[in-house]
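Heads up, the chain below is alone and in the form predicted on its own; it's given as structure tokens.
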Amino acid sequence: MSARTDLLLSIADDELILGWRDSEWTGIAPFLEEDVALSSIAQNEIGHARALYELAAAELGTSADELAFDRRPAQYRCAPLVQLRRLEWARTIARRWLYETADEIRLEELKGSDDGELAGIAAKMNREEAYHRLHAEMWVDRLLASEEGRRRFFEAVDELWPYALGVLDEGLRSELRRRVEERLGRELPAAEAIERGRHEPELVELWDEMTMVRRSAPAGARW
């Protein structure tokens, strides 16, 4: 597998799995508008995943759907941050904000790529991700506005920080630290990145749910 394909799959898997995680809040979010907001964000993330899978599929001689659903859990390249199942609001917001901050850095880097297809899709994603970042920032402000919210949010950020580092290549992690510390006005704990290649138990559970219908159909069935 080429380095380009590996990169495409890494980002696509991040977007797909995080999209599914966001969709888990549909119907149970703390406010009605958040059901709509997170459902919309989830659709966007999965749409980004599809576009990236299509580029990878063209190289691999397969299809976007086969890449998304026919691999085994251990074959996914997503960062452990997006694999975690965290149905607790402060951690959901912390995970989304950390991911969006890291993803913005990654997309900025890719927009300057000599690979025209990759640069183009990164630019398109970055425009659409602007809404996701605004949503996350709104909730960061909201949580930081109260003592209890601040405590819970900071605890969540500290817990997830090693996972957030693993979203990016090592050379981009110092910029992630700079942006997060500047936004929060505090230093982050020293931490070793939890790297890609690690598969959390929650990923296997999600994969089983995510691929259930596809696996129930006869091999080669067309939808």
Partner chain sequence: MRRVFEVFRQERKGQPLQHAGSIVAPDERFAELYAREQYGRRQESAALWLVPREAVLEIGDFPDEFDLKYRRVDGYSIRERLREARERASSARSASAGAG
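In this text, all values refer to a predicted model and were calculated from it rather than measured experimentally. Numbering follows the first chain given and starts at 1.
If you look for the form predicted together with its partner chain, you will not find it shown, but the lines that follow are about it.
- Proximity to its partner chain in the model of the complex, taken as heavy atoms within 4.5 Å, picks out 137-145 from the listed stretches 117-125, 67-75, 97-105, 137-145.
- The contact residue chosen from 54, 159, 175, 34 relative to its partner chain in the model of the complex is 34, the criterion being a non-hydrogen atom within 4.5 angstroms.
- The closest heavy atom approach of residue 62 to its partner chain in the model of the complex falls outside 4.5 Å.
- Although the partner is absent here, residue 40 is a contact residue: one of its heavy atoms lies within 4.5 angstroms of its partner chain in the model of the complex.
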